[in-house]
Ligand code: FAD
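The data below hold one chain only, encoded as structure tokens and taken in the form predicted on its own.
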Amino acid sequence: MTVGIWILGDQLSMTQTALARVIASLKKPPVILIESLRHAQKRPYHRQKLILIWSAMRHFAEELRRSSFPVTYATADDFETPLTAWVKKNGISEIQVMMPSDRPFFQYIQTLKLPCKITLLPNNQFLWSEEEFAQWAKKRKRFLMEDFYREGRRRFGILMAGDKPVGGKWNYDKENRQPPKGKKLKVPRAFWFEPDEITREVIQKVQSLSFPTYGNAEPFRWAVSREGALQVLDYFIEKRLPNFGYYQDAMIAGEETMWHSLISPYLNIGLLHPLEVIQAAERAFFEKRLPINSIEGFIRQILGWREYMRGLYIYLGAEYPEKNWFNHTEPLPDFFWNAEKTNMNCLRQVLIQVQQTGYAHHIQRLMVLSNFALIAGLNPQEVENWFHAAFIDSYDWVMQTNVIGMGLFADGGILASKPYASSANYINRMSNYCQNCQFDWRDRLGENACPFNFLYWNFLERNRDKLKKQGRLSFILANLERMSSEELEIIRKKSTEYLRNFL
């Protein structure tokens, strides 16, 4: 009986389940990695994401060869053809593959007609197993992230002093919302890389693809190996983490990354493991006495949000991505694919950055891109599809809960306690985008009114009955009640004209 191992493109870790079982074996089993062109055509993926995945796969194949694994690296139209040839050539009777993170690929594996058995092994790239999360969730009427996060802190002993949180508080989020206005901020440079020969070959391949893709292929500056990913993590801990907390929600034109870690692409393909990242940040707190609001805020993103989003993705099932609580139907504007087509500076700044890098930090995603999509009434499925295609760290398990639930409130409050909708006031407070915009962030009804303003109030008025049930919006809805019918009519008219002209 010959066992072979199939390594997927987001499972590039020597400690992943299938490899961990045999890493110490004297005789290593055959391994296969496959670049599938058909899989790459499911969406018009960002060119930088394709480069990252394919280059990281090729580098990981080299690492496996150095560890004495007999490696087959295939480039093909599909997965099934090279898998079948590999099985026959090596006399393989069983393929072992770690459970995919994304539901569609798990379903695809089940359709494969191969001349051998396929065994799916548990996925160990997350801290909570599917069963553990289900046990936590089934006891609750509401899935509050804060409750889940605190349970994770206790379970893994992170920033704990006995059974109490270090510092006396679980959450320092209120200290992590400082605006950039009036401050001379010196942001440490990002830790980037020059492409090596393998990556340059992949760049050429991606640039020559005949099917639709999105964004710029160059400059490509991401890490493509575990060694590089660890360097990015170390640099973040040393140079960026001390001030990460205070300005993690801030946005500045021309500053692509601020103090953010830039490790999500590496976590999501297995080059880094979440526990080693969390423990590195925790060590920095105790050894270097870094500010607890920075440490806790960063750890909450991984131990809290990342695990929470993945857990809900599995637990809520295959119907979740089709939810549309507000019945929003407006099509995705062309400017999401071409940033030069929008005359709103905040959108243009963020979208140009995404086109160039495949990256935007969480507030740019939530309070600029998702916020606009929500108040403009864009179709949630079209928005989620764009997020999945456009971002270098995107996967089904990441984007469905983040966009459908957190960003667009299309699940009606299963995930978030209120819609993350705002007027231009928030963007002006937390960024300098409004300084060079043709629209006036203060103006709600005039000729130069910012679309974020009239679209925001139109969204509230249009969904007033549904939003009354959300207790956290009572204060805002009271302001809506005080508006005159004439004001509301102008808001409706401006919103209709904008949507007709720009969507």
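Source: prediction; values computed, not measured. Start at 1 and count along the sequence shown; that's the residue number.
Keep in mind that the form predicted together with the named molecule is not shown, yet the notes after this line are about it.
Stretch-level contact check against the named molecule in the predicted bound form with heavy atoms at 4.5 Å: of 356-364, 116-124, 202-210, 327-335, the positive one is 356-364.
Judged against the named molecule in the predicted bound form with a 4.5 angstroms heavy atom cut-off, the residues 262, 302 and 398 are in contact without exception. A heavy atom within 4.5 Å of the named molecule in the predicted bound form is found for exactly one of 87, 309, 237, 316: 309. Checking 379, 268, 171, 176 against the named molecule in the predicted bound form, a heavy atom within 4.5 Å turns up for just one residue: 268.
In the predicted bound form, residue 409 stays away from the named molecule, with no heavy atom inside 4.5 Å. The closest heavy atom approach of residue 251 to the named molecule in the predicted bound form falls outside 4.5 Å. Looking at residue 370, you'd find a heavy atom of it within 4.5 angstroms of the named molecule in the predicted bound form.
For the chain shown alone, residue 101 is not a contact residue for the named molecule in the predicted bound form, no non-hydrogen atom being within 4.5 angstroms.
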